[in-house]
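Just the one chain here, the form predicted on its own, laid out as structure tokens.
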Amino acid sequence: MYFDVLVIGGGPAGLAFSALASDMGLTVGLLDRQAKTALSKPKNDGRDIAVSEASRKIMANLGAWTMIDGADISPIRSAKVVDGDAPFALNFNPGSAGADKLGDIISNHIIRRVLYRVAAQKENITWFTGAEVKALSRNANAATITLADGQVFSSQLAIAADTRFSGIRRDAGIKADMHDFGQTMVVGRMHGTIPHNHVAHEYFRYDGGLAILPLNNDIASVVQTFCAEQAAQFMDMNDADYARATQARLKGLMGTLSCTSKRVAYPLVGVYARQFYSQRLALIGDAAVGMHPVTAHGFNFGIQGVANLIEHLRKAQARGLSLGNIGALKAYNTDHRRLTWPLYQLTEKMVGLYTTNTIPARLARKAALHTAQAALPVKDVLMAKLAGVPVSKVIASKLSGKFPVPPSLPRF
């Protein structure tokens, strides 16, 4: 069976790519090893995603954003980063970049559900669920996928969207750098008696990381990172003990805590493919770049990479070239590396520094935060990118004094 494009993986990146490819008039074969009900009605996996303005626009253009209930969208009004027990905090206030928020938080399963709904409406997509890929072969003319049940599919281009541990990437001989952070993330929703005012917090504590993702109604997704042994202890606690232990770690920031969801644990492994393409093959989503959640950029990199690849395929199509045109794939590779490589490297180095508790490391952490706080133009450019404000507008506004630098947020 022949398709213009074969997409392996029905996660957010695979679904978004399939929908956009269908809009180009391409025939798409979408393969996933899960059952169709698992794709159409994804279970709540405990993860909440920080969606940047650029990613929101892509979802809006897909028609997915309007499918999300407004009550399920929680704005991030500002953010702060704290090292250990230091009183100093690195503050991110989008007002200094001319915006009213840094982004929005949406549950991962809701994002998956609406992207499935978008893809399911496309006539050019043929679904193959419960499909286990046995082999991938490629030549100058086509990419061919063979399933475990013997079915064979060919296409101009194959897309690997099969998680950060991508079997397609491995079968294609594309190397990837993997970094096991030696940590496990424990995440669950909690209600606090003190309003969080939609401020996100990132604590680099000496006894493990701790983050607050503000949700509506003074509920927050509380993310804690520990070594596997400690994570198991926190997962084994009953809700009351877990709430007390987390409340102590937060030093009362959210007041009295109570659990509003079950807890979920995930080992933390970062992945960066050496290249995002090969002959008749492109990597997207976590198959290309799997981020540590500390920067909340995994989903954003994934969907922005999809839009980037689609744009290069459109250009190839307009010139009458094959979708597997190596020039188009190289251009995607260059653009996506430019977008992701600096932050991936910074994240790896930052997490390494902030999980090392030697005296020199602690001093270096504090110096890094003070330096970053002083570098206001750099912060404002970063916030502009998150909030979708043109960087040129931010620079011009700074020069004119239109957006005054706000005072620091209250310390704790």
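Please read all numbers here as calculations on a predicted model, not as lab measurements. Numbering starts at 1 and follows the sequence shown.
Quick note: we don't show the form predicted together with a small molecule, though the next part is all about it.
- Contact annotation for residue 19: none of its heavy atoms lies within 4.5 Å of the small molecule in the predicted bound form.
- Contact between residue 100 and the small molecule in the predicted bound form is not found at the 4.5 Å heavy atom cutoff.
- A residue is said to contact a partner when one of its heavy atoms sits within 4.5 Å of a partner heavy atom; residue 163 meets this definition for the small molecule in the predicted bound form.
- Among residues of the shown chain, residue 56 is not one whose heavy atoms approach the small molecule to within 4.5 Å in the predicted bound form.
- Put simply, of 44, 27, 34, 40 only one has a heavy atom within 4.5 Å of the small molecule in the predicted bound form, and it is 34.
- None of 192, 298, 324, 209 but one reaches within 4.5 angstroms of the small molecule in the predicted bound form through a heavy atom, and that residue is 298.
- Contact with the small molecule in the predicted bound form holds for none of 72, 271 and 305, as no heavy atom of theirs lies within 4.5 Å.
- The partner is not drawn, yet in the predicted bound form one stretch among 184-192, 336-344, 238-246, 316-324 has residues with heavy atoms inside 4.5 Å of the small molecule: 184-192.
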